[in-house]
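Shown below, as structure tokens, is a lone chain in the form predicted on its own; questions about how it binds or moves come after it.
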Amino acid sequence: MNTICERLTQRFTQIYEGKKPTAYITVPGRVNLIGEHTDYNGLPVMPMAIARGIRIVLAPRGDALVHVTNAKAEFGTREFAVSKNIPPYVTGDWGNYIKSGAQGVIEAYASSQNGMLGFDALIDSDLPMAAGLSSSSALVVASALALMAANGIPLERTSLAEQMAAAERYVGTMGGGMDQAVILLAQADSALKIDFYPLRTQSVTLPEGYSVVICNSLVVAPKTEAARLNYNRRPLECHLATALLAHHMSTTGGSAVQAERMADLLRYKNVRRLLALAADYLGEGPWTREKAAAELNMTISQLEQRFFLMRDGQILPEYPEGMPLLQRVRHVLTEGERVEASLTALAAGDAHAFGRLMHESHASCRDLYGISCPELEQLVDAARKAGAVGARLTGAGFGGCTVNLVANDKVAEFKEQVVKVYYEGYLHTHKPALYQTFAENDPESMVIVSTPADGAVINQLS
């Protein structure tokens, strides 16, 4: 039993009046090296698990209640009953991620169980929240593994990864399957290239003599209502762009084109030809819902029900600036190409080629997908000037972290320069509230040197 497990076990026994935990679960966070917002479009990604993550000790109950205590007092406790349809808390409540994992397990396994038992649990984490390192997906997976452990359900990692990708939509975000896949399937010392539909993975060795360094911008990207809508806008716009391109290809090509995701269009045209077609048909300017509905021979109401309906039954609001559909298509298709090119570069041990692809990815995320922010731009610029071979935003965007590839012999200097230029310089001068957060925390928790870690593990306790 390691130190963390011992500490959590002792506290669990105190909280639950002498009860002893029967399992200790570790679930890593992840950092995405390249391939941003491609997973829900059916195109590949390249993340790695990190050593930081969620730790949970638990014991089964004799009833259907789930009772979870968070080691961080500000999060409090959450309790709910395991049932066929678990009602959510208000949007943004951390307990929804616990419910999300449980709901996913119920939907996948309830038919093979004679009523599921709940569990008592204590959760702790050293992942920064809302920082783009997948703290939310790690919590969903941790909850699912806890319910499975409490009911003796065997772990099949690939199928669970696919189930959890769908389950996380419970919280209202319409993401892909990257986070859940790497959290469950990662292996120490390797990143993963992940392909989807069907889910499959390939181990990727990072360049010898280089480290992955994660820098926290301190701009939080919480799953609040506004952030959720801003995030969901991207996959919904991609879904619409895919449908428009498929419709156009069908009507001009003489045969039906079937495409649920953007990657499906590549069965009909290669990337270069598809980009050229998109430029000609979609055009540089924004689309309105009225224009899209007319093109697809729908009413606006029909269009909204098909393309803009979210899980909670709401219709995504229409943004006054319209929809930059060509820009979304360009990012997704070229980002998918960059993942494939990264696989080649890393197989050859070419850190500088991979770094250039990271730079291109960041520019595309900023200019075509619109998910950067001023702080991320300052942090990426500081990282490159401090010697990073590659630097880019990582995760959903709108804040969170950057990921950087740095030569081992330059890591110490890199960290010193980034702290000086970004945290003590830019934030101190322009963002005093964020600087205060930096000043109140250990700098080592802001600039993290990370190596690829193992995926989630369930440890049975005697």
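Nothing here was measured: the structure is a model prediction, and the numbers come from that model. Quick note: we count residues from 1 along the sequence shown, nothing fancier.
FYI, the form predicted in complex with a small molecule isn't displayed, but the following is about it.
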key: Option touching the small molecule, based on a heavy atom within 4.5 Å in the predicted bound form, out of Y231, F307, Y210, F354   = Y231
key: Location of the small molecule contact in the predicted bound form, chosen stretch of 177-185, 341-349, 117-125, 141-149 [non-hydrogen atom, 4.5 Å]   = 177-185
message = Can you work out whether G395 and the small molecule are in contact in the predicted bound form, taking contact to mean some heavy atom pair no more than 4.5 Å apart?
response = yes
query = Within a 4.5 Å heavy atom cut-off, is G42 in contact with the small molecule in the predicted bound form?
reply = no
key: Close approach of Q378 to the small molecule in the predicted bound form, 4.5 Å, heavy atom   = no
inquiry  = Can you tell me whether G132 touches the small molecule? I mean in the predicted bound form, with a 4.5 angstroms heavy atom cut-off.
reply    = yes
